[in-house]
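Encoded as structure tokens, the following chain is the form predicted alone, with no partner shown.
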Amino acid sequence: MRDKVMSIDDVIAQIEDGMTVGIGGWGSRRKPMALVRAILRSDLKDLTIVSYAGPDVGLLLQAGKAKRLVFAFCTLDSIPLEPLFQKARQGATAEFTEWDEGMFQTGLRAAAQRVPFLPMRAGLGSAVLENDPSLKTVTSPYADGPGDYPVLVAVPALKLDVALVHMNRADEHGSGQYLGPDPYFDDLFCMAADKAFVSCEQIIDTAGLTIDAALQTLLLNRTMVTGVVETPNGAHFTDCTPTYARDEKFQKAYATAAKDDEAWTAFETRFLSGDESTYQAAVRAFAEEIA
């Protein structure tokens, strides 16, 4: 088994301008934010971002890194609408492709199975097909199939060049484990991608992955993963249950700053102008100030 431990910079070096990058997690939950912040510091541009979107997408849109976004929603969970996303959507600063949540999952499944599309009922009778005329329908070849849906939406594969996900812990070979209540769709992101990179709170020995956790929490096996990075607090300010909860006070400060250009410049200077260790130090200082 191969040692796949990498640095944050090693991961970013694998991403090129114009690539399609899938980002795991859900809204403001278990996002690979350390890797997102590294993209912000890079010269990367013209990316297509595929995400059940949260602050990852807001930050990349604000920084001008994303030329296109494929998404099902964009939320901070406790704050319903991601403010930087809202600003970009209203200003039409990128191309936006919005799908039903189930269609999004089906697109990932199609890419994971290496088929060009998968059929499903979601989207029929909705405005999704009107807003995305590139979506097509297919007719079932089976006359005796279940239900009364001979026409189905042909959801195209969401093929990814790179996937970025965050786990609670992983081993050096790339097996990844979540310890919270929901796997989200991080395994599908990894299987839909040519290369998948996992950031995690802790890299441990493989045998340790079975301690204090059920085996089904081993969401990622090493065959899905290209590289793994140890990034303690690397999902901040999103949650990484049970290791830590969402930093609601920081998230509120983020959302407040996003509504004003001058305030955002100050936020960016304080928290996003340095490397990851600088960010984490600034977060600790912020926590002390408001304690």
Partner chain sequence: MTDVTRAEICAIAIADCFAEDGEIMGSPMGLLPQLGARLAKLTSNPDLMLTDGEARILAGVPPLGSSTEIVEGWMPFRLVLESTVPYGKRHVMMGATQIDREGNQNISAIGPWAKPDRQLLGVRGAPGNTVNNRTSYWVPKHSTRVFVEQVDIVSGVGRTRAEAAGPAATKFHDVHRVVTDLGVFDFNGPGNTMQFLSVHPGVTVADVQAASGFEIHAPAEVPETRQPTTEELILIREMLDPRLLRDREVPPVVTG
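Bear in mind that the values here come from a model prediction, so they are computed numbers and not experimental data. Numbering follows the first chain given and starts at 1.
Below, we turn to the form predicted in complex with its partner chain, even though it does not appear here.
Partner proximity in the model of the complex, defined as non-hydrogen atoms within 4.5 angstroms of its partner chain, places exactly one of 206 to 214, 83 to 91, 163 to 171, 193 to 201 at the interface: 83 to 91. Taking L218, L135, A122, A157 one by one, only a single residue has any non-hydrogen atom within 4.5 Å of its partner chain in the model of the complex, and it is A122. Using a 4.5 Å cutoff between non-hydrogen atoms, Y52 counts as a contact of its partner chain in the model of the complex.
Taking the partner from elsewhere, P181 is found to have a heavy atom lying within 4.5 Å of its partner chain in the model of the complex. In the model of the complex, its partner chain lies farther than 4.5 Å from every heavy atom of L108. A residue is said to contact a partner when one of its heavy atoms sits within 4.5 Å of a partner heavy atom; H236 fails this definition for its partner chain in the model of the complex, lying far away.
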